[in-house]
Structures are given as C-alpha cells and as structure tokens.
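Take a look at this single chain in structure tokens; it is the form predicted on its own.
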C-alpha cells in the first residue's frame, strides 16, 4: 500500500509539471483527486489494512494528497503568468483603447424635451392623445363647420372604415395636435395650462420643407382675466429660452377657426442673424408658430362658459423648431437613419 501511494504521488507530480495548459491540468486533477481518481480509490482501501498500520499509511496518504494539490496550485499559477506574459507581448497596453459607441437622443427628442422643460417652468402640464382621431375632435369641436374652407387646407388622411361600425369619413389621422383641446377641456375644469406634443399627418408631397408625417406641439391655458398680451408674453419667453436671449420675435395678425383674434409669430433668423439668406428667403425672419385667444364657440362646445373663462392657444411644428435649432436646410434629415448625420447632434 505504501509503495502504491508513493507511485501515485510520483506519477501525478510528473504529469502535472509537464501539463501544457489549464485544460490538461484540470483533467489530471480529476484523474487523481476526483471521485474515481487513483488516490481517492487507494484511500478507500485503508479500511482493509490491519489496525496497527492504518495510522501510518493514513498520514502518508494525506501527505500525498497535499503534495498533489500544492503541485497543481503552483503549476496553475505558472500557467496563468505565462498566459498573461504572452498577452502582453501581443497587445500593447500603452495604446489608447477603442472608444465605445454610446447612443444619444435624436435631435427631435432633444428639441421635444427642451420645449417641455421651458413650459414646465411656466406651470404647464404635458398631455398625450390618440393619433387616430374622429372628425368631431379634429374639426367639429374646434369650430370647423362641415363646409369651412380651412378643412381643405388640412389635407386630411381618411381611414377606410367600410365593413365597420364607424361612419365613413369620420375616422382620420389627426392633422394637428389641437385635437386634444376638446378631449382635455371636456374632462377637467379650469383653470389649467397644457401642452400636447405629438405626431400629426397630412397628405402632402415630401420635400425639403414638407412631410406627410411630422411633429407638432399644441399649448393652451384657460383662466379668468387672460388677455392677448398674456399669449404674446408667453411666446416671447419661450422663444428667448429656446433659441437664446438675443432672439427677436414679432407678431402679425392672422386667422384660425379656433382662435379669435389670431396671430402668427416670426423669429429673427438664427442662421443669418437677420442679414438675409436662403433659409429665411432673404427676409431675416422665419415664421414658426401661430395662436390666438380661444374662440368662444370652442369653449361652448366643451361646456366652458366663455363669459367667465378666457384662454389662449398656440402651436408650432417641432420639426421646424429642430431645423432652426440645428440650422438644417432639409426637413428630411430628421428622419434619415444615417448615423453620419445623427452623430452630429
């Protein structure tokens, strides 16, 4: 038994020292120390020895086991150092690493969050609504009669509702985010201040300044004693916070079915600084928004008494704000998936 243990030790140490990699070392560990390993099986035979020899042979078996385990540990350490040294020889650790690609917000998302932050500071809440809308909320509630010519300018996309419960011509893709005026004002009581960003859809030819799908945001406030100058002050504050304090804004009278009186807002061109360029058509100004005092008919349509409450509403295209903010010359760049373009923002 003693000779067998010494033979196992010598064989194991010799094979371990000659091992070329960790995989071979693991195989040797199982071969000698595993459940069916040579040393394990030999130790199980100790019970068959005479009692007087068991202590001595037992101590020898423990010494053999410890020797094999220590040899495995030392060999494993040497193999690890050798592997590290080889890696150092192949890799120059002084060379700067490759910068990982980290994503960032799309320019439209950046503009969206910027707009929301500005109006949050004025006490406005943000709301969302359905992109598939009804004629009632897209036009009816907003003072668009069935024969109103402004319906033609919206270039509406109608959904095919044949073989359904819906009346043909009554289900559409919303043409503006103003649809949420009626939905929200029907559910909550004034006073309130709300902005509604979202996608809208119109049947238009796609070019550098138009698209059939684009982003808008609508804002409105209803309270007592709200005036037209409150609207102009709000828009002036927004423009300066969004484009910079040096940006100028001017207003011109306009007409919208859902506001009276109405206005359009122009900002000084951020590209040429009012000197005149192709972007602003040599005028030095760019039209960016429209608004006005909410029409009494709209308030009546949602159950709000216009003799007690007044409000203003305004809206603009987030896509247009993005092109101005980043001085783009083509709206289609915002929907181009080319990372060479998006990485610039």
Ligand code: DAH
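Positions refer to the first chain, counted from 1. This structure is a prediction, so every number in the text was calculated from the model and none was measured.
FYI, the form predicted together with ligand DAH isn't displayed, but the following is about it.
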item	value
Partner-contacting position among 37, 296, 290, 284 - heavy atom within 4.5 Å of ligand DAH in the model of the complex	290
All of 154, 176 and 258 with a heavy atom within 4.5 Å of ligand DAH in the model of the complex	yes
Residue contact check: residue 171 to ligand DAH in the model of the complex, 4.5 Å heavy atom	no
Residue 32, heavy atom within 4.5 angstroms of ligand DAH in the model of the complex	no
Contact test in the model of the complex: residue 183 vs ligand DAH, heavy atoms, 4.5 Å	no
Partner proximity in the model of the complex: residue 202 to ligand DAH, non-hydrogen atom cutoff 4.5 Å	yes
Candidate stretches 22 to 30, 307 to 315, 63 to 71, 46 to 54, one within 4.5 Å of ligand DAH in the model of the complex by heavy atom	307 to 315
